[in-house]
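One chain is shown next in structure tokens, namely the form predicted on its own.
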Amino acid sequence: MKHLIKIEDLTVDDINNIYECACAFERGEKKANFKDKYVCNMFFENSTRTKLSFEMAQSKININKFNFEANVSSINKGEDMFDTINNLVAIGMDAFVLRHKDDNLIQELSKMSYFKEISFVNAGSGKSAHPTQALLDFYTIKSYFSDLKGKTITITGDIAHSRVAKSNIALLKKFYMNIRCLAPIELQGEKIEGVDYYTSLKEAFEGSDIIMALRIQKERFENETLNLDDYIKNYQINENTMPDNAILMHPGPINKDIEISSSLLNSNKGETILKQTQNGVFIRMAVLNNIIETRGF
């Protein structure tokens, strides 16, 4: 595992290895000390959970971390990303955790030749991929269901703009889950093979084991419009619509009282969402650990 760019690059064995490593970190059975390794966090989009959990993960495995600040960097003087990264590599960086609005940038950067061999970890690329979020969601689901085959997940909300949905679908298909997407037509986006699409909440939630809500990403809308009152009326998850036996998930941040009612979030059902955030640290520890250990750089 030289890089982690997208879930599609991982085998089932790769995913299971990351899962087992994260379990070992959570249980305290595994320790890591990479005090001679240097990682640069480059976030060109806003982030709370992903950025800080990567930093926490890096602290827990004793990686030296540096946070790149784009607004005060030479990129503002016209330097391109390749030259910026190559100079950071020359300074001594071993790996880069990158979030960027461009869907293809990290893939392109990972194929280039640098001052020395390095690794990239995708912390969210445009609307296309968020692999560590999918891995931590998988880790969370596995804490409730040991065998995922035949289980049903309904992903509901802004499917069209969601890199989380795309990465989760790619991962959960590898484990033979039944995957449903629920959204009004204008938020469904391009259909993905092997996924069932619904516009009726009642039909989509029937028999679901997991409900995963997604944020309405208003910042990614261009000429599109959405009637939020209609969305709340027909798609909000609340005490009346949430299946009793299903678990509730959300990658965050949450638009309270739009995707999910505040009262449901404050109930026991909302606890799984904080568990996702907690699990993100263990997964990101495992990803960085596996890249460093398998490559030996």
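Residue indices: 1-based, along the sequence shown. What you see is a predicted model, and the numbers here were worked out from it, not measured in a lab.
Missing here is the form predicted in complex with a small molecule; even so, the following discussion is about that form.
Screening 205 to 213, 176 to 184, 109 to 117, 128 to 136 for residues having heavy atoms within 4.5 Å of the small molecule in the predicted complex returns a single hit, 128 to 136. Just one of Gln236, Asn255, Asn64, Ser47 comes within 4.5 Å of the small molecule in the predicted complex, counting any heavy atom, and that one is Ser47. By the criterion of a heavy atom within 4.5 Å, Arg99 is counted among the residues contacting the small molecule in the predicted complex.
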